[in-house]
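There is one chain below, alone, in structure tokens, taken in the form predicted on its own.
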């Protein structure tokens, strides 16, 4: 067989793989935004073509009887693709020396990061990666990535801004004032050229660049999601006031003291990102830490998303969600917190749910996906079956083979 023939066969095989239709039969489907049901899912051209009791033939059929089928889970606050080893600065691309709130991590993303297959093999099909928090109340822009490992990176660039109030060495009062001043600066950018806005005293004092002003414009005037890490009840109240005053698309992360101001938070309709495993105060801002936080927030009608403190194992948001259920959160709300809620809060189009017409990001589980020991038997991203091999699984296989030889 000559080289041209080999290339032709490869291209044909690749094309078949990308366009192959798949039928998942008899699965216990948790769609992410509706009650579970037993049914079939037909995947074609990378999307969910139809759902129900289907009489369809497909190129590949998977019998999912007795198995749970969920959307691929979405991790909302990660360092995936941006940081490889926390303790080695040469592997960190999450901080800037010159930019402030306009700092974008998008072009630092590494599709070959070992964190991608590791989290994907545990059911995480996409993630939002964020910059490192700075001394400023606003740190920079986060981006959304599809965890397919493809060098042609797909996702959404600069689709949120990160910030923090409290638990820092400075004054939280100064930080809140500065946050308002920066948002006001962004408001000015709606009707003025960025070159003029950058000449304002606060922009000059903080040596802001055009890219910073552009980012503030998007937050202040275009509804770009603003994720603020905060915990103290009084800070939550102040941030609710700022959200309402400037009509911001605000999300709060942490919120350990939220039960103290639960009524105000629920009325504000601000979604929250929490770590359900956190019940030990790390500072005086977190004295109300509780394993029941997820249930308290969810039962109050607040939209809940999940985070984890594990810097590499972001798939442990599943364990956190399971812990939330153990302490009173509804199981379907927990599944939504891993999938549909993330997509809705961050406006991730056609993701986060097993819905007709959506991208086929799907995981098939041998057992309960909220159990940490459970792993998926199949993961699909954009309708393509993912390789679940990881560096860890290769090491395991390597040493098991050595033991078998003895």
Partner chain sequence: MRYRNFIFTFALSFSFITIGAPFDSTYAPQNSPIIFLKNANIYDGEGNELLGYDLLVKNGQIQAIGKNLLLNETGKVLSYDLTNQWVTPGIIDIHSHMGVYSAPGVKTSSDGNESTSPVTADVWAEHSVWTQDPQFSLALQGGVTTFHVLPGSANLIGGRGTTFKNIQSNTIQGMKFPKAPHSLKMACGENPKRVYGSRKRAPSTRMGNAAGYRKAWIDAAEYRDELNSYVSKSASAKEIVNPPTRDLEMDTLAGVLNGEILVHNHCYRAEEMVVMIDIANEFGYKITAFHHAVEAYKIADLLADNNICGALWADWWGFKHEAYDMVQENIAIVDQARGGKGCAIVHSDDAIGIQHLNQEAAKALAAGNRAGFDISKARAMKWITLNPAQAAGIEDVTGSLVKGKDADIVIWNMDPFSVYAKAQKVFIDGNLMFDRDNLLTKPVSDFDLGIIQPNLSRTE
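What you see is a predicted model, and the numbers here were worked out from it, not measured in a lab. Positions refer to the first chain, counted from 1.
Unshown form predicted together with its partner chain; subsequent notes refer to it.
Contact with its partner chain in the predicted bound form, judged by any heavy atom within 4.5 Å, is made by just one of 96, 211, 289, 221: 289.
In terms of contact with its partner chain in the predicted bound form, the residue from 192, 312, 172, 187 that brings a heavy atom within 4.5 Å is 312. By the criterion of a heavy atom within 4.5 Å, residue 118 is counted among the residues contacting its partner chain in the predicted bound form. Residue contact check for residue 111: none of its heavy atoms lie within 4.5 Å of its partner chain in the predicted bound form.
Contact check for residue 61: every heavy atom lies farther than 4.5 Å from its partner chain in the predicted bound form. When contacts are judged by a 4.5 Å heavy atom cut-off, residue 242 does not count as touching its partner chain in the predicted bound form. The partner is not drawn, yet in the predicted bound form one stretch among 30-38, 53-61, 352-360, 370-378 has residues with heavy atoms inside 4.5 Å of its partner chain: 370-378. For the stretch 315-336, the set of residues having any non-hydrogen atom within 4.5 angstroms of its partner chain in the predicted bound form comprises 316, 319, 322, 323, 325, 326, 327, 331, in sequence order.
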